[in-house]
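One chain is shown next in structure tokens, namely the form predicted on its own.
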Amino acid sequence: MPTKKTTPDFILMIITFSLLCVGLIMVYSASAVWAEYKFDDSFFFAKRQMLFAGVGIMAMFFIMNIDYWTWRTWSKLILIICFVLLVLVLIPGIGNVRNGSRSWIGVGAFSVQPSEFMKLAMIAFLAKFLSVNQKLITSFKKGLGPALLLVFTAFGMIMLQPDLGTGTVMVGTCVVMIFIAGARVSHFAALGLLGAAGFVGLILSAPYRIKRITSFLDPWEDPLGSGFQIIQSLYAIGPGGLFGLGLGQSRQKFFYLPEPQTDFIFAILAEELGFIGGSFVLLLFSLLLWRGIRIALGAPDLYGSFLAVGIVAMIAIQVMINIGVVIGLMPVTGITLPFLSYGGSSLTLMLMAVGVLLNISRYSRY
């Protein structure tokens, strides 16, 4: 291994903490009314999010000081553990059901979402596979096929919960990694057609997914049902204007937008902080992705490059899907906004992923 630099990417660290601070403030602002009503404590969600952030920050600094090649060594075992967790979460009594999905395993007063950690495990293992077999990736039988078989096996298990949003992010991330590795465009074109057909099949197989598509095309067709969330989200964003209504002054959080501290937190942010606040958050995400790409380009080996690309792609895809849903450009998927949305598993995973990036940056040539 090349000589390690003494300091990680300080700019990436500052950007991450900036997003985290914005997230903590907005979780409190978005959830205070609902938390006061349901738990008689306006800080209920904010306190838990601060606890998640503390755990995530400790994990980030710990991982930042672990040589990223460690993940190459243990990636197979980590992947197997995540597969076992995906099986366990499907067992009644072990897996907990929320919003129609059996995606959580209860740990005391808290819950862990195995599918979130599968995303990072898959990135670590696929980075190893691609770095070792890059010359074979143009062969469907020896390179592309085995990689996709593994990815879609994990996707199938996630869909048994079902959790289309998380599965889509994982598959999208892996496709980006495989494409960067040099897979043939002709293979992707053929698989794209099969994937589109399969995606349509998944939508048609569940009535609630069909409702999400129809509500995306015309939310006013069912304004009190499947179209309710997107309509209330747009009602939040519209009045925000240039500078917003002011921090804490959201109207939609008063029981109009369901659980605004989770998937639709960007709508509350846009309502309270306006176009300027929303643009600032998007700028922070853009800067984070820029630093991540820079780290990937400067990594001393293929494994480090693929690992960094996978993490960057995961964050970018998740941000695009979440904000696309909030502003009405995509159907509702249940994807959190990295670093901002309330949720322990998602926040911890993202901070762990940044920890890996920070470690790679200690070896970066740039």
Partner chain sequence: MRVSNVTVRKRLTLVLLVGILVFFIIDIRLGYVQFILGNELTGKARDSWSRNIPFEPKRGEIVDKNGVPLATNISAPTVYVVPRQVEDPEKTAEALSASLNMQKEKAYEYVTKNSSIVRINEGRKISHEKAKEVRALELKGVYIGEDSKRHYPFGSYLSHVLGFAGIDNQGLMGLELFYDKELSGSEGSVKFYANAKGQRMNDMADDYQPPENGYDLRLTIDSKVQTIIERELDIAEAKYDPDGLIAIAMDPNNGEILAMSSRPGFDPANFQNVPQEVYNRNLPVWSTYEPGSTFKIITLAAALEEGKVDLENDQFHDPGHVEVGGSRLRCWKKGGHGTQNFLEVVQNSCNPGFVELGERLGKETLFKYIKDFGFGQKTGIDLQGEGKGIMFNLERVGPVEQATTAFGQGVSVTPIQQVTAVAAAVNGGILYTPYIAKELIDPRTGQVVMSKNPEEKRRVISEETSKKIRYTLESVVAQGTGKNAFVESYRVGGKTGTAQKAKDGRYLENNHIVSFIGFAPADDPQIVVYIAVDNPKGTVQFGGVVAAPIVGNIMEDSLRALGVAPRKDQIEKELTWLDTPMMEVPDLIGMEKKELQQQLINLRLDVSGEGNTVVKQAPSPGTKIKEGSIIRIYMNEGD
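Keep in mind that this is a model prediction, so the values were computed, not measured. Numbering follows the first chain given and starts at 1.
The form predicted together with its partner chain exists for this protein as well; it is not shown, and the discussion that follows is about that form.
Selected contact from Thr262, Ser75, Thr168, Gln252, since only one has a non-hydrogen atom within 4.5 angstroms of its partner chain in the predicted bound form:
Of the listed residues, the single hit is Gln252.
Contact assignment for its partner chain in the predicted bound form, among Met159, Leu282, Leu136, Leu191, heavy atom within 4.5 Å
That would be Leu282.
Applying a 4.5 Å heavy atom distance criterion, does Ser286 contact its partner chain in the predicted bound form?
Yes, contact at 4.5 Å.
In the predicted bound form, Asp301 touching its partner chain (heavy atom, 4.5 Å)
Yes, contact at 4.5 Å.
Counting only non-hydrogen atoms and a 4.5 angstroms cut-off, does Met58 reach its partner chain in the predicted bound form?
Result no; Met58 lies far from its partner chain in the predicted bound form.
Hey, in the predicted bound form, does Ile66 get a heavy atom within 4.5 angstroms of its partner chain?
Although its partner chain is absent here, Ile66 would stay clear of it in the predicted bound form, with no heavy atoms inside 4.5 Å.
Its partner chain in the predicted bound form: contacting segment from 252 to 260, 151 to 159, 77 to 85, 115 to 123, heavy atom within 4.5 Å:
Among the candidates, contact is made by 252 to 260.
In sequence order, which positions of 261 to 297 have a non-hydrogen atom within 4.5 Å of its partner chain in the predicted bound form?
Phe266, Ala270, Gly274, Phe275, Gly278, Ser279, Leu282, Phe285, Ser286, Leu289, Trp290, Ile293, Ala296, Leu297, in sequence order.
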